[in-house]
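Encoded as C-alpha cells, the following chain is the form predicted alone, with no partner shown.
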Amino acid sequence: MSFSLYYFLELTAIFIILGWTLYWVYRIGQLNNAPIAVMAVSAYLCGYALLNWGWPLILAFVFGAGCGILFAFIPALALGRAPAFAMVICTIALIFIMQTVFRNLPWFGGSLGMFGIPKVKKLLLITYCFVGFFGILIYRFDHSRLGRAAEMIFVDRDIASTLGINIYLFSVCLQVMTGTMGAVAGMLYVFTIRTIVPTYFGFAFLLSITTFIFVGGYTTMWGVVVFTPLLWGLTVILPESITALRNIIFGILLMVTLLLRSEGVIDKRFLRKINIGSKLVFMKIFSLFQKIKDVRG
C-alpha cells in the first residue's frame, strides 16, 4: 500500500470517529465541540508518557484515554443543562484554552510541539476496529429506547421531561461517551502523524469535522461516513493551489448546505427512499428468477 493511500484511509477513519462525536450529542440538540479539546489532552499526555516516562504503548494509551475521559467529564457536569448556543460557545472556548495552555507549557514542547512518537504496527487495522466498535455502539443506540428518548429531547425538551427522561443525566453521559471517542481519536491521530503540535487542534480542524457532518447530514450516522472520504478526498486529489483554500471551500460549502438543505444530504427521508428502492429492486429480481424457473420447469 502506498503511503498516500495509507495516510488517506487512516485520517478518514479518524475523522469519521470525530464526526460521530458531534453527531451523537447533537441527537439531543446540543452541539458539543469539546471532543477536539479532549483529543488534544489525550494526545499530549499519551505522547508525554511515551517519550518522557518511557511507558509501554498500551499503558500510555490507557493513561491518555483515562485523562481524556476525566477531562470530558468535568465540563460535562457544568454543560449538561446548557442550551445549544451556550454549549457551542463554551466548547469552542475550551478548544482555544487548551491550545494556549499546551503552547505555553515547556514540558510539552511549547509552540514547537513534540516529535518522535514511536511507530505503531498494524495501526490501520486497529483504527478501523475502533471505527467498527463505535459504529456498532452508535447504531445500537439509535435503534433502542435511548435513541427514541434522544429524538424526543431533540424535538421538545418539555415533553421529554414530562415523560420522565432525565435530560441532564442523558447529556452528561453522551458528553462522556463522545469524550471517550475523542480521546481515542486523538491518540490514533498522533500515532498516524507521529508529531503533536498545538495548531493541529484548532479552528481549521473543527471546521473540517463540522463540514463533514453537516454537509453529510446530522440526523443519521451515515452522512459523516459517506461524505468524510468524499470531502477529505477532494483535498488530497486537487492541486495544491486549490487545497490551500480548503478552509474557504469548506466554509462556503457548509453555509450553502445549511441554507439550501438544512438537514444535510443524507437524512432519514433519504434513507427511507433508499430502503424502499432496494426492496423494490430485490422483489423485481426475485420475480424475474421465479419467471425463469417457471419457464425452465
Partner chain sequence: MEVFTAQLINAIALGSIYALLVIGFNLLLVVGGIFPFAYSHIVVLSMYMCWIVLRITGDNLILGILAGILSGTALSLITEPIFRPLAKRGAVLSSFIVAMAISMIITDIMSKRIHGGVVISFPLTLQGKEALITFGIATITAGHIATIAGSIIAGIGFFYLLYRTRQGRAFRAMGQSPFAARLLGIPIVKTSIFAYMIAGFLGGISSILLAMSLGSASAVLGDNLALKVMAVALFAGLGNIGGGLVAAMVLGLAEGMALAYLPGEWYQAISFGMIMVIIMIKPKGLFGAMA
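Only the largest set of C-alpha atoms that superpose within 1.5 Å between the two forms is called the rigid core. Predicted model, so just to flag it, every value in this text is computed and none were measured. Positions refer to the first chain, counted from 1.
Same protein, other form: the form predicted in complex with its partner chain, not shown, and the subject of what follows.
- The single contact residue among 82, 172, 152, 225, judged by any heavy atom lying within 4.5 Å of its partner chain in the predicted bound form, is 82.
- Scanning 138, 165, 92, 177 against its partner chain in the predicted bound form with a 4.5 Å heavy atom cut-off leaves one residue, 92.
- Proximity to its partner chain in the predicted bound form holds for all of 100, 252 and 259, with the criterion being a heavy atom within 4.5 Å.
- In the predicted bound form, its partner chain sits beyond 4.5 Å of every heavy atom of residue 73.
- When contacts are judged by a 4.5 Å heavy atom cut-off, residue 271 does not count as touching its partner chain in the predicted bound form.
- At a distance threshold of 4.5 angstroms between non-hydrogen atoms, residue 108 is out of contact with its partner chain in the predicted bound form.
- Shown alone here, residue 31 lies within 4.5 Å of its partner chain in the predicted bound form, counting heavy atoms only.
- Residues 244, 245 are the ones in 226 to 246 with at least one heavy atom within 4.5 Å of its partner chain in the predicted bound form, listed in sequence order.
- Fitting the two forms on the rigid core leaves the C-alpha of residue 242 displaced by at least 2 angstroms between the shown form and the other one.
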